[in-house]
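Below sits a lone chain in structure tokens, taken as the form predicted on its own.
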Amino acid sequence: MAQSTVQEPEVTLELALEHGLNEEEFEMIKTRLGRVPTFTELGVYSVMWSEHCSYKNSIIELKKLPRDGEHLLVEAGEENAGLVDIGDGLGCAFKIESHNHPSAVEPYQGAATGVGGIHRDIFTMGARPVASLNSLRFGSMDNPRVRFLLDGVVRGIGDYGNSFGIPVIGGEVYFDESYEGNPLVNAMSIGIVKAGETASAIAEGLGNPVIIVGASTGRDGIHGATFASEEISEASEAKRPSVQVGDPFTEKLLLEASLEALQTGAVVGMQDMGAAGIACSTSEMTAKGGQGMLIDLDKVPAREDGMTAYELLLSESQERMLIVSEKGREQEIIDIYEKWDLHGVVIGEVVDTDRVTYMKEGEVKADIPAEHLVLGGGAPQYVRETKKPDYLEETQNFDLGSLEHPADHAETIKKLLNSPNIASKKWVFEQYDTSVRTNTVNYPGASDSGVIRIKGTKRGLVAKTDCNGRYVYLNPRRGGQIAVIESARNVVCSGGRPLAITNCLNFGNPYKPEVYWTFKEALGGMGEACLALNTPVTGGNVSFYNENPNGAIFPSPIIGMLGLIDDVENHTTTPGFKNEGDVVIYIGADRKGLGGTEFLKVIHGLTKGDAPELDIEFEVKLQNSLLEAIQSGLITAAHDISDGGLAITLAEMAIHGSKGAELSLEEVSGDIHEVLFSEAQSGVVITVEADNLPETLSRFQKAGVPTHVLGTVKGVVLNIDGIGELAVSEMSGIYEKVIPNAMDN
């Protein structure tokens, strides 16, 4: 390798500030080291103490979330992903993470490498990825830039995931002006591993070799972690080098080689090399093992000549892993990776210190106690100032009664079906391979949640990503509750029992008191809902600084809910109307309130009022009784009420089933606009065969869940007495064409 002749700059406060550190942190570094850091050390501290890696402004609040549960196999935050017991001697590893900032600058590669990174988190633990989901947010589709971002992100997710060979089984896409210029790209991966065959991200065993495996290291992605820890501005366009470049075919080789290497028993520890690259993986593995690591950066396979220690350590080049192997067995590991045409090179060893020491060209370039660098260890932990946002006083007290609503309800339903937030997302998910590996049961767009078979068992995994940022904006605590509650309800509507969540917390600048107050409130609501549902938090990701020059995004704590179906063939449920004569029933709470609804946004152009009503205790009763009814074979279709209210739920059930219904809303009391369009929680529409109606009503009555018989499935027209007739074919035509028509502009 060519030697570097670059003269390292003098480390000053000004240089530290340019690296995203503040004066207090720079002084902390000097005190802890007992000297001024070298330039390379400054780079390592800057990425490891960035918000993206250290969670310095969130870790204290994250620790308050419920993290214990009977199904958890590892503690939250202990490994790269959560691990849940799913029976039959199997564990499920799952996690969701963001790639927002890179996707705003370079949507294709930003989204693609987000998918690659989250899959590596799963197979680093020894689990084989079996399914993928995503959660996407964009500005208004009227904006050409938004359409460019949507196109690039979807192609990036599709091209990487399709080539890697993992099916996309679900996701969500929302559009709102608040995400203008700052899209959200959250990717979730789910994997399966046999109990006892998991790997840990740990370095231990004095003299054990440290091996870098996978692709070579280039200059792409340097300071990607710090880039993700600042607001997006016009200057972001100049930071394209901070966006990594992915290669899904190399990742596929890396997956197979890594799982094969783990089978040898020679692997002591394994860690993905994502954000902050070698700097992060070495320090995290070292801190966890309590022993040091000596690394020779000259041995790192480099893609470019003359790379400095700083560049090699901070590069976020994709498809790389770090392995600690048993001493004397390193060649077994290297041979496996070379068989798969990948690098396998010993670059260091575990040593009897508490430090990570990085050498290059015979010189010590950095020497840092590992505990200084890691999340929850010596990295700074802050509690930021909070202030309730002033806007809440106005939005929550807005007089919704002062609005005049349209009298033509059928026409209103059509307008809502024409909203990109409600319309079919087929244009998106048809670009993804949803059936590779042939285990997919419920496909994107065809059900409330994705369902995939667990091979060799009767069981299935159920997964859903969910959050309505509008609700969190209007009432952060209740919005946080609803994000968890609704994702669980979707899992139940598909026949699954919710087990645990992962989360991706997308917020604005934490140094702004209003943003931090919202963050704390939303986490408080999430925690309350998780406790009620017994769905602990297994881990996740915090993404702050999601702002553009016009302000922050809607606060968006995306929930990735995991559930389990005991009998996937008989209990999996979908929303479409099934059989002529099936009885249509609304189960749940009264339909009250129009605050925060899609109706209010589409018809009146307003994001006002309070978030939808929610009674958590009642919600638990609803979900438990619904799941029992599904498992008893009573339910032929189920669809939860969310965006657009009861009216849109009925329309979607008709569209998905290509069948109409004869319905009346007489049994549902209240103002007709609220009955039709309220997004009040704890509501589900189900269908049952006529012979099963008495038993179904009796079950819900005993559970304390109100039921309202609406009518029967019939014909090809959705006929709601007093509302109007809507041909299913006409509704479907509107629903399916919204996004394709917008993208053709």
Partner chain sequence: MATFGVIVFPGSNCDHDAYHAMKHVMNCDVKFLWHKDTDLAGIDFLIVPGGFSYGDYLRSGAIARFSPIMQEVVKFAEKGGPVMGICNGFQILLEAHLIPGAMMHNQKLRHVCKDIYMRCETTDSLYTSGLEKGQIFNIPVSHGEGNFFISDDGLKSLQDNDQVLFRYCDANGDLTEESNFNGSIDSIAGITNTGRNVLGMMPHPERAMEKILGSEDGKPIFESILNSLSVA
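This one's a predicted model, so the numbers in the text were calculated from it and none came from an experiment. Positions refer to the first chain, counted from 1.
The next section is about a form of this same protein that is not shown, the form predicted in complex with the partner chain.
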Query - Heavy atom of each of R155, E338 and T434 within 4.5 Å of the partner chain in the predicted complex - result: yes
Query - Selected contact from D399, E580, E569, E667, since only one has a non-hydrogen atom within 4.5 angstroms of the partner chain in the predicted complex - result: E569
Query raised in the report: Only one of A552, V537, L262, V441 has a non-hydrogen atom within 4.5 angstroms of the partner chain in the predicted complex; which is it?
Result: V441
**Report entry** Close approach of G593 to the partner chain in the predicted complex, 4.5 Å, heavy atom
**Finding:** no
**Report entry** Proximity of N418 to the partner chain in the predicted complex, heavy atoms at 4.5 Å
**Finding:** no
Query raised in the report: Is E430 close enough to the partner chain in the predicted complex to count, meaning some heavy atom within 4.5 Å?
Result: yes
Query raised in the report: Hey, in the predicted complex, does G576 get a heavy atom within 4.5 angstroms of the partner chain?
Result: no
Report task. Work out which of the listed stretches, 449-457, 359-367, 508-516, 628-636, brings a heavy atom within 4.5 angstroms of the partner chain in the predicted complex. Result -> 449-457
Query - Within 153-171, the residues that have a heavy atom no more than 4.5 Å from the partner chain in the predicted complex - result: R155, N162, S163, F164, G165
